[in-house]
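First, one chain by itself: the form predicted on its own, in structure tokens.
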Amino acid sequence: MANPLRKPEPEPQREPNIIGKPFRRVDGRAKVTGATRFADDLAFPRMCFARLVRSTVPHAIIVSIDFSEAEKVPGYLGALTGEEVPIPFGILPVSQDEHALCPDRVRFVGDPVVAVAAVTEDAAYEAALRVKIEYAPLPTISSVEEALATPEPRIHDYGDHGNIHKVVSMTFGEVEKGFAEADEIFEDVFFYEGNTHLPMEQHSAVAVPEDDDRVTLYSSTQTPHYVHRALSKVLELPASRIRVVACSNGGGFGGKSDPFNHEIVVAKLALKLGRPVKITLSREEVFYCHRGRHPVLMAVKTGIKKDGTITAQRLRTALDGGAYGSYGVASTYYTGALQTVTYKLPAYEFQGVRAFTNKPPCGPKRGHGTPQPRFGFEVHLDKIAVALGKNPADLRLGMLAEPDTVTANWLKIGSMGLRQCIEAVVAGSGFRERWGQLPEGRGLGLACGSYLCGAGLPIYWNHMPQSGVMLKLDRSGGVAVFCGESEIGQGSDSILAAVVAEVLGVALGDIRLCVADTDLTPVDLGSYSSRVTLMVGNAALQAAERARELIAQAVSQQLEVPQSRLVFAERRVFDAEEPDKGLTFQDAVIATEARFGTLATTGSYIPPRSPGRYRGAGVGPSPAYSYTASVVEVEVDPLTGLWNPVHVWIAHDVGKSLNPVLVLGQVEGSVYMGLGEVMMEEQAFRRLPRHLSNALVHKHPSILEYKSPTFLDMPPVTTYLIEDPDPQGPFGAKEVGQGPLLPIMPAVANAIWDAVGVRVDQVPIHPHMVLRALEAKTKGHEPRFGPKRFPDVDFGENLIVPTPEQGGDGKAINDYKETLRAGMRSASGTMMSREEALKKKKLGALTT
């Protein structure tokens, strides 16, 4: 039998049939007709319903729980308390600090304490209302400043110290020397308020018990693999007895990336009661689940030469993390990691702190830790451009990071299309001619951004693939594709199907998908960090190429045609020189199965290793980085402070558009979300009066009160897709899910400056802030609204890391070049193993 792992022979060049062209989503018809089944649509025989009883106080000891009244509700089946699920869990191995139900203490208003089950949803709701819980209050911490000043009592008994979860302090290169060499030093303080995801679908989960202590969980999750891991730990069951199926997801944006209390609760209740259990959170409960954008206070100090060259930068960030760890350690690092991949920073210092507070926990929301510092950096650069008398576009174009370089903090930049992005939006908007020249009340703002195309390392570090794909080729001509990826609305199912169909030359209708099922599909780590297109795409590409290689061998023998002349297209396998000479794809599969037996192939993806070797280097590396530039035009009423976006021009370096329509949808969705964050969205909190318990509660726990843009708030959007294929991506593709969000918020702030000459250095930008800055301007004060100072934080001793420009750790670069794992490519773009890659590199035949 032929070796299915051998390198496929190159197919003759042909025009792509699917890739790069608009095509209908494979789940489109089901979505628009209502046929798609979300978690809350599922029903099973004897299914009952669960409700969570949540804390009404922000910080307290649980004194007693009384079920006597709840038990009187008709249809009441039973309850669950924290004593029955005592094992903690969490998404990161360093933050296993949550419980399915609080066993002894609550840490925010909304923390789940009890679960009750009943035969109907109404009965469960009524029983939950009748559960009586007595609390002994503890002091409430409401801000980073309070956390710094209140080491006791601790919200958690772990963390760097007191109520500080994480402290990060790193210096790359000679920062003080860089400041000394600067012609001018610029310093600013910024604040970015937290906000939440607001998905259309609330969280929902259904657990179905089976024989022999088995349970299947259907959930609206972005990370079925990590939910599976958490269930195994908390339920104390072997992973083989737990099955997790990620249902079609009605919006996630990061908010469904954690394992959640309710998922574990229904699984435990299903095992306890011996019947299926469903829970669907109310909209208010989704606000208390949160895991949204961290509120971040930032201080930026930058040394600049008169020609606009940056000599050094120091960034300090303070994150309000809420009550639990979630992705917080990673989020803290992310607030500093990606500052270096857009502009040249020869010397860079980053110091970050994340505090625990008695609020719903923060975590990953679209952009995961990067929109906040990007807002600060891009507004900071705009101020520098004004002070130096430079056009903001020219300032940025003069300091761009270079492609195929290593940054000061040891991130490897591959392709870099930011220059083309800036030039596209500047030309489209007339920025050079119109900036600073529009009538009072009208202005233009420019900003840029960059984002990951998948994280370089998995959450639990190991040497296994981050994504796997398996194909089964059927005698009918169909292809079944198995993959653990989660479709959360971004179109990942369509991209998975398109990659396989393109390589095998079949139609999208010939592909049958089985995704996000831990029993049936290979592991994929989830839909987060914009990893799916690149990582799943590469795994699918490898699996499809291996299948094509097997079919080519069989068809080549049957037709007596060299494999190198075979073309896979239009559901046929034929001779490139004699197109009439060939087989239908179905007949080709039959011939191959007759020769080799049942046809199934696999593909997997492991990212190339990062050159960074310091503690913390695991956050920030990516196989590739996407880039975005945007110009926003606004109109501002100086009498009221009201402002509105008039037009948005945005250009995104996507590498290669696998489906331009999907890419445009993702870009414009980012514009919408960005405008929401800068105009109105905020997850803010207030204290109740002392006679009402002095609790710290959410200001807006409903869609009625939590404001987000409507169609009437959306301006025209002009989108430019910049294609500079990256060799790390499938067919050259890079991410588009999160990067286009980043420049919108600072571009608006910069446009308001151009319109009325005032700065609002925080998000969201409310009309009263513009008015306050205008009042300060008329009084001759600084025309600015925003935070005044950064809190005093003891960051401890810096980790000093030499930069590549200093020589640094020469061995690290050599290691990087010599130990790239799976993900290395031959000149033809074919995936190969590490051993193959190293062998070919020695022969000089490898391009990376």
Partner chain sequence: MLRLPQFRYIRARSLAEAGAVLTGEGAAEGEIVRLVAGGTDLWPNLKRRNQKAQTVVSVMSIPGLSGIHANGEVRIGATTLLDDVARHPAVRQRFPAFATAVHSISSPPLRNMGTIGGNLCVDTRCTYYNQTEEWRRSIDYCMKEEGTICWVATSSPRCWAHTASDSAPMACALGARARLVSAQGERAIPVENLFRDDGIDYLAKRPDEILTDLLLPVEAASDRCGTAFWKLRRRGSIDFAVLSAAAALWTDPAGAITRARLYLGAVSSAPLAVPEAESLLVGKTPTPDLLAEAAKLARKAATPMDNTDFQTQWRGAMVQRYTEAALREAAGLPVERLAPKHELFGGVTTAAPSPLSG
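Numbering follows the first chain given and starts at 1. From a predicted model like this one, the values you see are computed outputs, not experimental measurements.
Note that the form predicted together with the partner chain isn't included here; everything after this is about it.
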Only one of 386-394, 278-286, 207-215, 144-152 sits within 4.5 Å of the partner chain in the model of the complex by heavy atom distance, namely 278-286
Work out which of 557, 476, 640, 564 lies within 4.5 Å of the partner chain in the model of the complex, going by heavy atoms. 640
Of 240, 710, 778, 462, the one that lies within 4.5 Å of the partner chain in the model of the complex (heavy atoms): 710
Close approach of residue 767 to the partner chain in the model of the complex, 4.5 Å, heavy atom: yes
Would residue 771 sit within 4.5 Å of the partner chain in the model of the complex, counting heavy atoms only? yes
Is it the case that residue 698, even though its partner is missing from this view, gets within 4.5 Å of the partner chain in the model of the complex, heavy atoms only? yes
Would residue 306 count as touching the partner chain in the model of the complex under a 4.5 Å heavy atom rule? no
Just to make sure I understand: among 656-686, which residues lie within 4.5 Å of the partner chain in the model of the complex, judging by heavy atoms? 679, 680, 686
